[in-house]
Every structure is written in C-alpha cells, then in structure tokens.
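Just one chain follows, in the form predicted on its own, and it is written as structure tokens.
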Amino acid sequence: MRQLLSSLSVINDYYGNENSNCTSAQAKRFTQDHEWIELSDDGTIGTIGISKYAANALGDVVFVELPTPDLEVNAGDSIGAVESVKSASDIMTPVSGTVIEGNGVLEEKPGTINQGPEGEGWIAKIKVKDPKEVEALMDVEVYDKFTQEAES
C-alpha cells in the first residue's frame, strides 16, 4: 500500500482529523502502511481499519475481503484486502492477536470505507495479544506529519 500511496498526489486538507471524535479512552494509532488501530477501554480488543488518507488515495472502494474469525495473526500479517477502482491492496494487522470479527457491513456496502474509514468503515476487531505493540505505533500527530512528508 505504501507504494500506491506515495505515487498518488493527495490533498492534505482532505485528511482532516476524524480522530477528535474518538470515544474510546485510548486514541487511534497508525502504521506506516496507513492502517489504524483503536483499543477498547480495557485495552484487550482492537478495532482495525485504514486511514482517511489511505481511503482517499485508493479512490472508490468496490470490494473488501474480510478476515475470518478465530484467525491468529502476527503484526504485519495480511488480514484481508481492499479493491478500488484504482487498485487492490492488502490490509495488514498492526498487532498480533486473534481476529474476533470482520465488519460485515463492508460486504454489502464496501463504499462505507470511503464515507467513514476511521469510523463505520472499520475492517476488523482483534483480541490483542500484546498491548505494547500498539504503543510502538504512531499517534495522530506523528501520523499527520508522516503523511505530510509523504506528499512532499
């Protein structure tokens, strides 16, 4: 996904900051491949998706391959894929754990990712094996700077 995103010109003003509406006690964290994770209040369950930046770069999403429940994964493993009118891209899990569920809404309405990639367009929920893996990811301020530098 990184190659696709660095080859596309994305207007940073579109990125915005959906993260300010975060209802969880723990804020979203981001990967360099533009996936995000947000932990539940107790830190055991992570919701995973792609960033607004990534959704914009992909264009109109037409198909989402969701992970299967009970799939055990390590950080960096592919847990699904997103296909758009521009390209297809694997979705990588930012942390190790066990997939609990995929967002079934995306099977019927894959465009939900474009409408709310950091909200209703989440891709999977995972039981997190090691919460310290989340701490190693970028917070929103560092991620914003990372995306701005990628556009330069």
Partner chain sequence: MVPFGGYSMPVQYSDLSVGESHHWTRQKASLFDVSHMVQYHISGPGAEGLLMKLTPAALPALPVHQSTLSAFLHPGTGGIVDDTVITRLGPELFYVVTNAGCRDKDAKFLTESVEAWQAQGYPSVVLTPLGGQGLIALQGPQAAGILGGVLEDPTAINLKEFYFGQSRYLQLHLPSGKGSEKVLVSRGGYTGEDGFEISIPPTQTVEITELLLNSAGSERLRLAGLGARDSLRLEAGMCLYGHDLDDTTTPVEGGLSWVIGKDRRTEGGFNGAETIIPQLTPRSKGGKGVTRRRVGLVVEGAPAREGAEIVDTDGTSIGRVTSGCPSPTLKKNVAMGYVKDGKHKSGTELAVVVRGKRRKATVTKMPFVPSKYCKAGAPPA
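Numbering follows the first chain given and starts at 1. Keep in mind it's a predicted model, so treat the numbers as computed, not measured.
From this point on, the text means the form predicted together with the partner chain, which you will not see here.
A.B. asks: For a quick test of understanding: in the predicted bound form, does each of Ala27, Asp41 and Thr44 have a heavy atom within 4.5 Å of the partner chain?
C.D. replies: No, because Ala27, Asp41 and Thr44 lack any heavy atom that approaches the partner chain to within 4.5 Å in the predicted bound form.
A.B. asks: Counting only non-hydrogen atoms and a 4.5 angstroms cut-off, does Ser84 reach the partner chain in the predicted bound form?
C.D. replies: Within the cut-off, so yes.
A.B. asks: In the predicted bound form, does Val62 come within 4.5 Å of the partner chain, counting heavy atoms only?
C.D. replies: Looking in the predicted bound form, residue contacts with the partner chain include Val62, since a heavy atom lies within 4.5 Å.
A.B. asks: Taking any heavy atom pair closer than or equal to 4.5 Å as contact, tell me whether Val105 reaches the partner chain in the predicted bound form.
C.D. replies: Looking in the predicted bound form, residue contacts with the partner chain do not include Val105, since no heavy atom lies within 4.5 Å.
A.B. asks: Counting only non-hydrogen atoms and a 4.5 angstroms cut-off, does Asp90 reach the partner chain in the predicted bound form?
C.D. replies: Contact check for Asp90: yes, within 4.5 Å of the partner chain in the predicted bound form.
A.B. asks: Just one of 45 to 53, 121 to 129, 63 to 71, 27 to 35 has residues with a heavy atom within 4.5 Å of the partner chain in the predicted bound form, so point it out.
C.D. replies: Every other range fails; the passing one is 63 to 71.
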